[in-house]
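Just one chain is shown here, as C-alpha coordinates, and it is the form predicted on its own.
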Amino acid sequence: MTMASTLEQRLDEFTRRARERSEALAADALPALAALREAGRKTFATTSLPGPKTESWKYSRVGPLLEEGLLDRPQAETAVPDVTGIESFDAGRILIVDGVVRDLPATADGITVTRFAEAGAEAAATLGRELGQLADMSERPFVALNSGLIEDGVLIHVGPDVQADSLELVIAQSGDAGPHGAHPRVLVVLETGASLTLLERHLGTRAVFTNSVIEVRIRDEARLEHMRLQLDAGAGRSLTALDVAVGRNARYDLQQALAGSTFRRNEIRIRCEAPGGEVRVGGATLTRNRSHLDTQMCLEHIAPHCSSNQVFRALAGERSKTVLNGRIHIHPGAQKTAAELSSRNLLLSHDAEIDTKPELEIYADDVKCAHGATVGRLDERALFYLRSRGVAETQARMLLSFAFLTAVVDAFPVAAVRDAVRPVLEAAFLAPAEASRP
(Lines give C-alpha, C1' and ligand atoms only; values in the text may rest on other atoms or scores of the structure.)
Protein backbone atom coordinates (compact mmCIF):
# COMPACT_ATOMS: atom_id res chain seq x y z
CA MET A 1 0.00 0.00 0.00
CA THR A 2 1.44 3.34 -1.04
CA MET A 3 1.72 6.36 1.23
CA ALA A 4 -0.70 8.26 -1.06
CA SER A 5 -3.38 5.61 -0.73
CA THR A 6 -2.89 5.52 3.05
CA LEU A 7 -3.44 9.29 3.23
CA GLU A 8 -6.52 8.97 1.05
CA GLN A 9 -7.96 6.36 3.39
CA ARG A 10 -7.29 8.54 6.41
CA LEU A 11 -8.95 11.51 4.71
CA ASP A 12 -11.96 9.37 3.82
CA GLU A 13 -12.21 8.02 7.37
CA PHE A 14 -11.95 11.51 8.86
CA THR A 15 -14.72 12.76 6.54
CA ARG A 16 -16.95 9.81 7.41
CA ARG A 17 -16.48 10.28 11.17
CA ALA A 18 -17.15 14.03 10.88
CA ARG A 19 -20.40 13.37 9.00
CA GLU A 20 -21.54 10.79 11.58
CA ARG A 21 -20.81 13.12 14.48
CA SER A 22 -22.67 16.00 12.83
CA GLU A 23 -25.71 13.85 12.01
CA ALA A 24 -25.83 12.58 15.60
CA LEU A 25 -26.33 16.08 17.02
CA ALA A 26 -29.74 16.79 18.45
CA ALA A 27 -32.00 19.23 16.62
CA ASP A 28 -31.48 22.76 17.86
CA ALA A 29 -34.29 25.15 18.73
CA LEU A 30 -32.28 28.26 17.80
CA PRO A 31 -32.78 28.86 14.06
CA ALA A 32 -29.39 30.51 13.55
CA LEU A 33 -27.56 27.48 14.97
CA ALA A 34 -29.65 25.00 13.03
CA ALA A 35 -29.12 26.89 9.76
CA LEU A 36 -25.37 27.21 10.28
CA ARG A 37 -25.03 23.54 11.18
CA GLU A 38 -26.93 22.46 8.07
CA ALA A 39 -24.86 24.76 5.84
CA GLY A 40 -21.62 23.49 7.42
CA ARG A 41 -22.65 19.85 7.01
CA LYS A 42 -23.49 20.32 3.31
CA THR A 43 -20.34 22.31 2.56
CA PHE A 44 -18.06 19.87 4.35
CA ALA A 45 -19.59 16.99 2.42
CA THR A 46 -18.75 18.64 -0.91
CA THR A 47 -15.35 20.17 -0.07
CA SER A 48 -12.17 18.12 -0.24
CA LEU A 49 -9.78 18.16 2.67
CA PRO A 50 -6.44 19.79 1.78
CA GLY A 51 -3.79 17.54 0.33
CA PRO A 52 -0.16 17.94 -0.76
CA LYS A 53 -1.24 19.82 -3.91
CA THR A 54 -3.41 22.39 -2.09
CA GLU A 55 -1.45 25.64 -2.52
CA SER A 56 -2.46 27.30 0.76
CA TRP A 57 -1.48 24.12 2.63
CA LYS A 58 1.81 23.68 0.77
CA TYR A 59 3.90 23.79 3.93
CA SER A 60 1.37 22.24 6.34
CA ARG A 61 0.29 18.62 6.15
CA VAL A 62 -3.06 17.61 7.65
CA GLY A 63 -1.73 14.28 8.95
CA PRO A 64 -1.56 15.37 12.63
CA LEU A 65 -5.29 16.31 12.45
CA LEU A 66 -6.36 12.92 11.12
CA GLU A 67 -5.11 10.76 13.97
CA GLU A 68 -7.53 8.41 15.65
CA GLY A 69 -9.74 9.94 18.32
CA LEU A 70 -9.38 13.59 17.29
CA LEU A 71 -13.01 13.75 16.17
CA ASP A 72 -14.29 12.15 19.38
CA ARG A 73 -16.23 14.26 21.83
CA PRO A 74 -14.54 14.86 25.20
CA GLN A 75 -15.82 13.11 28.28
CA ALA A 76 -19.24 14.31 29.39
CA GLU A 77 -17.95 15.45 32.76
CA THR A 78 -14.51 16.99 32.82
CA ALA A 79 -12.91 19.15 35.46
CA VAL A 80 -12.60 22.83 34.65
CA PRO A 81 -8.88 23.66 34.55
CA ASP A 82 -7.45 26.17 36.97
CA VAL A 83 -6.74 29.15 34.71
CA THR A 84 -4.31 31.65 36.18
CA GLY A 85 -4.99 35.21 35.17
CA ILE A 86 -2.46 37.81 34.09
CA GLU A 87 -1.33 39.94 36.99
CA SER A 88 -2.66 43.51 36.95
CA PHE A 89 -4.96 42.76 34.01
CA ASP A 90 -8.46 43.20 35.37
CA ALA A 91 -11.01 41.83 32.94
CA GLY A 92 -14.19 39.79 32.86
CA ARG A 93 -13.41 36.24 31.77
CA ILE A 94 -15.08 34.04 29.16
CA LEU A 95 -13.94 30.44 29.64
CA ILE A 96 -14.47 27.81 26.95
CA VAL A 97 -13.21 24.31 27.80
CA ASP A 98 -13.15 21.61 25.12
CA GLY A 99 -15.52 23.76 23.09
CA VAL A 100 -18.04 24.01 25.95
CA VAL A 101 -18.85 27.41 27.48
CA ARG A 102 -18.04 27.10 31.19
CA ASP A 103 -17.92 30.63 32.57
CA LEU A 104 -19.15 34.07 31.54
CA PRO A 105 -18.69 37.50 33.12
CA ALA A 106 -21.57 39.48 34.53
CA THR A 107 -23.49 41.65 32.08
CA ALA A 108 -22.51 45.31 32.21
CA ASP A 109 -24.30 48.38 30.86
CA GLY A 110 -24.21 48.28 27.09
CA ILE A 111 -22.23 45.04 26.79
CA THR A 112 -23.65 41.52 26.83
CA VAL A 113 -21.83 38.19 26.75
CA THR A 114 -24.29 35.41 25.95
CA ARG A 115 -24.18 31.70 25.26
CA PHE A 116 -25.80 30.95 21.92
CA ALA A 117 -28.01 28.37 23.61
CA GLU A 118 -29.32 30.98 26.09
CA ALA A 119 -29.85 33.81 23.62
CA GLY A 120 -32.87 36.01 24.26
CA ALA A 121 -34.80 37.74 21.50
CA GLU A 122 -32.26 40.51 20.91
CA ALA A 123 -29.22 38.21 20.95
CA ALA A 124 -31.02 35.68 18.75
CA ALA A 125 -31.72 38.44 16.22
CA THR A 126 -28.02 39.41 16.19
CA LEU A 127 -27.04 35.78 15.68
CA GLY A 128 -29.54 35.48 12.85
CA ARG A 129 -27.98 38.47 11.09
CA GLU A 130 -24.30 37.84 11.75
CA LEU A 131 -23.48 34.22 12.61
CA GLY A 132 -21.68 32.58 9.72
CA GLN A 133 -21.74 35.72 7.56
CA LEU A 134 -18.00 36.46 7.81
CA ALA A 135 -16.38 33.03 8.09
CA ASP A 136 -16.57 31.91 4.48
CA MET A 137 -16.75 28.11 4.28
CA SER A 138 -15.97 27.74 0.58
CA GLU A 139 -12.58 26.07 0.13
CA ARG A 140 -12.17 26.09 3.93
CA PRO A 141 -13.23 22.61 5.02
CA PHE A 142 -12.29 23.07 8.66
CA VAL A 143 -14.48 26.18 8.97
CA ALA A 144 -17.27 24.06 7.46
CA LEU A 145 -16.44 21.31 9.98
CA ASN A 146 -16.72 23.76 12.88
CA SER A 147 -20.08 24.95 11.52
CA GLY A 148 -21.37 21.42 11.00
CA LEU A 149 -20.46 20.40 14.55
CA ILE A 150 -21.54 23.59 16.32
CA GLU A 151 -23.46 22.98 19.53
CA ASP A 152 -22.98 26.27 21.34
CA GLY A 153 -20.83 29.37 21.35
CA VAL A 154 -20.43 32.87 22.74
CA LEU A 155 -21.79 36.19 21.48
CA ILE A 156 -19.96 39.33 22.64
CA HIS A 157 -22.07 42.37 21.81
CA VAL A 158 -21.06 45.98 22.59
CA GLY A 159 -23.78 48.58 22.12
CA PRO A 160 -23.55 51.90 20.24
CA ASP A 161 -21.00 54.36 21.70
CA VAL A 162 -20.25 52.06 24.66
CA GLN A 163 -16.64 52.24 25.86
CA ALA A 164 -16.52 48.72 27.27
CA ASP A 165 -14.23 47.34 29.93
CA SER A 166 -11.65 44.74 28.93
CA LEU A 167 -12.64 41.11 28.35
CA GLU A 168 -10.54 37.95 28.43
CA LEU A 169 -11.47 35.03 26.17
CA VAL A 170 -9.82 31.77 27.26
CA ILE A 171 -10.03 28.72 24.97
CA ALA A 172 -8.67 25.82 27.03
CA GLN A 173 -8.35 22.06 27.22
CA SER A 174 -9.72 19.97 30.05
CA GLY A 175 -7.85 17.28 31.94
CA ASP A 176 -9.41 14.59 29.76
CA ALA A 177 -6.35 12.48 28.96
CA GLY A 178 -7.74 10.87 25.81
CA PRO A 179 -7.48 12.45 22.35
CA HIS A 180 -10.61 14.32 21.33
CA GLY A 181 -11.80 17.27 19.28
CA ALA A 182 -13.33 20.63 20.23
CA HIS A 183 -14.93 23.24 17.98
CA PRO A 184 -15.32 26.59 19.79
CA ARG A 185 -17.29 29.37 18.11
CA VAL A 186 -17.24 33.07 19.04
CA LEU A 187 -19.04 36.04 17.47
CA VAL A 188 -17.98 39.61 18.41
CA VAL A 189 -20.10 42.59 17.34
CA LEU A 190 -19.13 46.20 18.10
CA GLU A 191 -21.86 48.64 17.20
CA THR A 192 -21.27 52.16 15.90
CA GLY A 193 -18.82 54.16 18.03
CA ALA A 194 -18.15 51.31 20.48
CA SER A 195 -14.73 50.24 21.77
CA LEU A 196 -13.38 47.11 23.46
CA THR A 197 -10.06 45.57 24.50
CA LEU A 198 -10.11 41.78 24.07
CA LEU A 199 -7.41 39.40 25.27
CA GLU A 200 -7.65 35.95 23.66
CA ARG A 201 -5.62 33.12 25.24
CA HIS A 202 -5.30 29.52 24.07
CA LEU A 203 -4.24 27.04 26.77
CA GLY A 204 -3.38 23.34 26.69
CA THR A 205 -0.58 21.00 25.66
CA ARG A 206 -2.41 17.68 25.18
CA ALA A 207 -3.05 15.83 21.91
CA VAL A 208 -6.40 17.56 21.38
CA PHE A 209 -7.71 18.96 18.08
CA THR A 210 -9.06 22.47 18.78
CA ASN A 211 -10.76 23.88 15.67
CA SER A 212 -11.88 27.43 16.54
CA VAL A 213 -13.79 29.98 14.49
CA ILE A 214 -13.99 33.64 15.60
CA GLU A 215 -16.02 36.21 13.66
CA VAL A 216 -15.68 39.94 14.39
CA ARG A 217 -17.92 42.74 13.10
CA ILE A 218 -16.60 46.27 13.79
CA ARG A 219 -19.15 48.85 12.72
CA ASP A 220 -18.56 52.49 11.79
CA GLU A 221 -16.35 54.55 14.11
CA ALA A 222 -15.82 51.55 16.44
CA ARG A 223 -12.48 50.31 17.73
CA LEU A 224 -11.25 46.88 18.82
CA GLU A 225 -7.87 46.22 20.42
CA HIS A 226 -7.36 42.48 20.10
CA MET A 227 -4.45 40.65 21.76
CA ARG A 228 -3.88 36.96 21.01
CA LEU A 229 -1.61 34.66 23.03
CA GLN A 230 -0.92 31.11 21.88
CA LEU A 231 2.16 30.28 23.93
CA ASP A 232 1.50 26.71 25.11
CA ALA A 233 3.60 24.26 23.12
CA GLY A 234 3.34 20.47 23.39
CA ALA A 235 1.21 17.97 21.49
CA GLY A 236 -1.80 20.20 20.75
CA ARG A 237 -3.38 20.38 17.31
CA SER A 238 -4.79 23.86 16.87
CA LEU A 239 -6.52 25.41 13.88
CA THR A 240 -8.07 28.88 14.28
CA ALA A 241 -10.01 30.90 11.72
CA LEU A 242 -10.36 34.62 12.49
CA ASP A 243 -12.58 36.66 10.13
CA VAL A 244 -12.94 40.41 10.69
CA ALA A 245 -15.01 43.11 8.93
CA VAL A 246 -13.97 46.75 9.53
CA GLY A 247 -16.50 49.53 8.97
CA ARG A 248 -16.26 53.23 8.07
CA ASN A 249 -13.57 55.08 10.05
CA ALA A 250 -13.27 52.03 12.31
CA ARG A 251 -10.02 50.61 13.70
CA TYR A 252 -8.85 47.07 14.30
CA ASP A 253 -5.58 46.39 16.14
CA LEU A 254 -4.43 42.74 16.37
CA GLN A 255 -1.22 41.93 18.28
CA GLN A 256 -0.10 38.32 18.66
CA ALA A 257 2.54 36.32 20.53
CA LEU A 258 2.63 32.74 19.28
CA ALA A 259 4.59 29.55 19.85
CA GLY A 260 4.55 26.38 17.81
CA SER A 261 3.05 23.04 18.81
CA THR A 262 2.72 19.66 17.10
CA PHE A 263 0.41 21.49 14.68
CA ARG A 264 -0.77 25.09 14.89
CA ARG A 265 -2.32 27.07 12.03
CA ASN A 266 -4.04 30.46 12.09
CA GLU A 267 -6.13 31.62 9.13
CA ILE A 268 -6.79 35.37 9.40
CA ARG A 269 -8.98 37.28 6.95
CA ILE A 270 -9.61 40.99 7.47
CA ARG A 271 -11.89 43.07 5.22
CA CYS A 272 -11.84 46.87 5.07
CA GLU A 273 -15.40 47.31 3.85
CA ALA A 274 -15.94 51.09 4.08
CA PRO A 275 -13.77 54.21 3.68
CA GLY A 276 -11.50 55.30 6.51
CA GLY A 277 -10.89 51.84 7.98
CA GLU A 278 -7.56 51.34 9.72
CA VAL A 279 -5.93 47.98 10.50
CA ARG A 280 -2.75 47.19 12.38
CA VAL A 281 -1.45 43.63 12.78
CA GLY A 282 1.62 42.36 14.61
CA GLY A 283 3.00 38.90 15.20
CA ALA A 284 5.93 37.76 17.37
CA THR A 285 6.54 34.02 17.00
CA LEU A 286 8.90 31.40 18.39
CA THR A 287 9.12 27.76 17.30
CA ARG A 288 11.45 25.19 18.81
CA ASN A 289 12.27 21.49 18.57
CA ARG A 290 9.93 19.94 15.96
CA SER A 291 7.03 22.32 16.49
CA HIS A 292 4.98 23.78 13.65
CA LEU A 293 3.35 27.20 13.24
CA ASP A 294 1.53 28.34 10.11
CA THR A 295 -0.03 31.81 9.68
CA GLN A 296 -2.19 32.47 6.63
CA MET A 297 -2.95 36.18 6.46
CA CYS A 298 -5.24 37.87 3.94
CA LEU A 299 -6.09 41.56 4.11
CA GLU A 300 -8.82 42.65 1.71
CA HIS A 301 -8.96 46.36 0.90
CA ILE A 302 -12.42 46.69 -0.62
CA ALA A 303 -13.15 50.39 0.02
CA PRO A 304 -11.05 53.48 -0.73
CA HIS A 305 -9.12 55.62 1.78
CA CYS A 306 -8.20 52.72 4.10
CA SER A 307 -4.83 51.84 5.59
CA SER A 308 -3.14 48.73 6.97
CA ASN A 309 0.23 47.96 8.49
CA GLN A 310 1.48 44.45 9.25
CA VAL A 311 4.68 43.61 11.11
CA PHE A 312 5.80 40.01 11.68
CA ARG A 313 8.94 38.81 13.47
CA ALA A 314 9.79 35.10 13.77
CA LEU A 315 12.43 32.96 15.48
CA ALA A 316 12.80 29.29 14.54
CA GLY A 317 15.11 26.88 16.37
CA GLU A 318 16.15 23.23 16.23
CA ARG A 319 14.07 21.39 13.59
CA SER A 320 10.95 23.53 13.86
CA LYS A 321 8.99 25.09 11.02
CA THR A 322 7.42 28.56 10.74
CA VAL A 323 5.16 29.51 7.84
CA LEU A 324 3.80 32.96 6.95
CA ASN A 325 1.77 33.68 3.86
CA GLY A 326 0.77 37.35 3.92
CA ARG A 327 -1.53 38.55 1.15
CA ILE A 328 -2.73 42.12 0.51
CA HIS A 329 -5.58 42.34 -1.98
CA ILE A 330 -6.51 45.80 -3.30
CA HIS A 331 -9.92 45.56 -4.98
CA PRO A 332 -11.06 47.71 -7.94
CA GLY A 333 -12.16 51.11 -6.66
CA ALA A 334 -10.08 50.94 -3.46
CA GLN A 335 -8.18 54.10 -4.37
CA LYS A 336 -5.97 55.97 -1.88
CA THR A 337 -5.16 52.74 -0.06
CA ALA A 338 -1.98 52.64 2.02
CA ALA A 339 -0.87 49.10 2.87
CA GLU A 340 2.42 47.70 4.15
CA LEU A 341 3.64 44.26 5.24
CA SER A 342 7.02 43.45 6.77
CA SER A 343 8.16 39.90 7.56
CA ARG A 344 11.58 39.50 9.20
CA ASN A 345 12.77 36.10 10.34
CA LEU A 346 15.74 34.55 12.13
CA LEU A 347 16.87 30.93 11.87
CA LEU A 348 18.43 29.81 15.14
CA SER A 349 19.71 26.50 13.78
CA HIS A 350 20.75 24.97 10.46
CA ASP A 351 17.85 22.48 10.61
CA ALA A 352 15.04 24.98 11.25
CA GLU A 353 12.77 26.06 8.39
CA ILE A 354 11.03 29.35 7.69
CA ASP A 355 8.73 29.70 4.69
CA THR A 356 7.57 33.27 4.19
CA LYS A 357 5.74 34.66 1.16
CA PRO A 358 4.32 38.19 1.04
CA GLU A 359 1.85 38.81 -1.80
CA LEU A 360 0.38 41.94 -3.40
CA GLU A 361 -2.63 41.82 -5.70
CA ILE A 362 -3.61 45.30 -6.85
CA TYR A 363 -6.56 46.35 -9.04
CA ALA A 364 -6.47 50.11 -8.35
CA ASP A 365 -3.99 52.65 -9.70
CA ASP A 366 -3.81 55.28 -6.95
CA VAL A 367 -2.42 53.32 -4.00
CA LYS A 368 0.69 53.19 -1.84
CA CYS A 369 1.69 49.61 -1.08
CA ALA A 370 4.87 47.86 0.02
CA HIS A 371 5.92 44.46 1.25
CA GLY A 372 9.16 42.75 2.15
CA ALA A 373 10.53 39.58 3.68
CA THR A 374 13.94 38.58 4.99
CA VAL A 375 15.31 35.36 6.47
CA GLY A 376 18.70 35.39 8.18
CA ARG A 377 20.72 34.41 11.22
CA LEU A 378 21.92 36.20 14.32
CA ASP A 379 24.60 38.80 13.67
CA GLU A 380 27.86 37.08 14.63
CA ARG A 381 29.59 40.42 15.18
CA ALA A 382 26.96 41.51 17.70
CA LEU A 383 27.19 38.10 19.37
CA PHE A 384 30.98 38.40 19.57
CA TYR A 385 30.66 41.89 21.05
CA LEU A 386 28.41 40.67 23.86
CA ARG A 387 30.64 37.64 24.52
CA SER A 388 33.68 39.92 24.71
CA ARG A 389 31.88 41.91 27.41
CA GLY A 390 31.48 38.81 29.57
CA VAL A 391 27.92 37.83 28.59
CA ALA A 392 27.42 34.06 28.45
CA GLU A 393 26.64 32.72 24.96
CA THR A 394 23.13 31.50 25.79
CA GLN A 395 22.25 34.81 27.42
CA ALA A 396 23.78 36.77 24.52
CA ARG A 397 21.74 34.82 21.98
CA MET A 398 18.59 35.39 24.02
CA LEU A 399 19.24 39.14 24.28
CA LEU A 400 19.79 39.50 20.54
CA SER A 401 16.83 37.31 19.64
CA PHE A 402 14.37 39.15 21.84
CA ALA A 403 15.63 42.54 20.77
CA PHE A 404 14.53 41.33 17.33
CA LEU A 405 10.99 40.64 18.64
CA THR A 406 10.71 43.93 20.53
CA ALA A 407 9.00 45.80 17.70
CA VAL A 408 5.99 43.52 18.04
CA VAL A 409 5.93 42.78 21.76
CA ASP A 410 6.17 46.49 22.62
CA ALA A 411 3.12 47.16 20.42
CA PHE A 412 0.79 45.27 22.75
CA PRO A 413 -1.57 47.99 23.99
CA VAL A 414 -1.73 46.78 27.62
CA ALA A 415 1.41 46.97 29.77
CA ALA A 416 0.36 44.02 31.96
CA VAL A 417 0.11 41.77 28.91
CA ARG A 418 3.46 42.97 27.56
CA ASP A 419 5.05 42.22 30.92
CA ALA A 420 3.49 38.75 30.96
CA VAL A 421 4.56 37.83 27.42
CA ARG A 422 8.26 38.59 27.73
CA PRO A 423 9.18 36.08 30.49
CA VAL A 424 7.13 33.32 28.85
CA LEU A 425 8.93 33.76 25.54
CA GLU A 426 12.29 33.98 27.31
CA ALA A 427 11.62 30.79 29.27
CA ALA A 428 10.62 28.97 26.08
CA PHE A 429 13.77 30.20 24.37
CA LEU A 430 16.08 29.18 27.23
CA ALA A 431 14.47 25.75 27.82
CA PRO A 432 16.76 22.87 26.80
CA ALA A 433 16.08 21.38 23.38
CA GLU A 434 14.40 18.02 23.17
CA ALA A 435 16.55 15.05 22.28
CA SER A 436 16.68 14.54 18.52
CA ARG A 437 14.48 11.80 17.17
CA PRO A 438 15.56 9.58 14.29
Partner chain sequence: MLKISNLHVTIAGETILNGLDLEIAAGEVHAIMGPNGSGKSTLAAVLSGREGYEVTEGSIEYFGEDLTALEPEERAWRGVFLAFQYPVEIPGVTNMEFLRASVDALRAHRGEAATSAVDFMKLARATCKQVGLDTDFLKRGVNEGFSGGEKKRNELLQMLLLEPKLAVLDETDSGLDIDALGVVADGVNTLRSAERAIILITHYQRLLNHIVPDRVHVLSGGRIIRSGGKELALELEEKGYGWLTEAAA
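Being a predicted model, the structure only gives us computed values, none of them experimental. Numbering follows the first chain given and starts at 1.
Absent from the display: the form predicted in complex with its partner chain. The rest refers to it.
For the residues 45, 386, 35, 411, the 4.5 Å heavy atom test against its partner chain in the model of the complex is passed only by 386. The stretch in contact with its partner chain in the model of the complex, judged by heavy atoms within 4.5 Å, is 396 to 404, chosen from 35 to 43, 51 to 59, 64 to 72, 396 to 404. Not displayed here, its partner chain is kept clear of residue 30 by more than 4.5 Å at the level of heavy atoms in the model of the complex.
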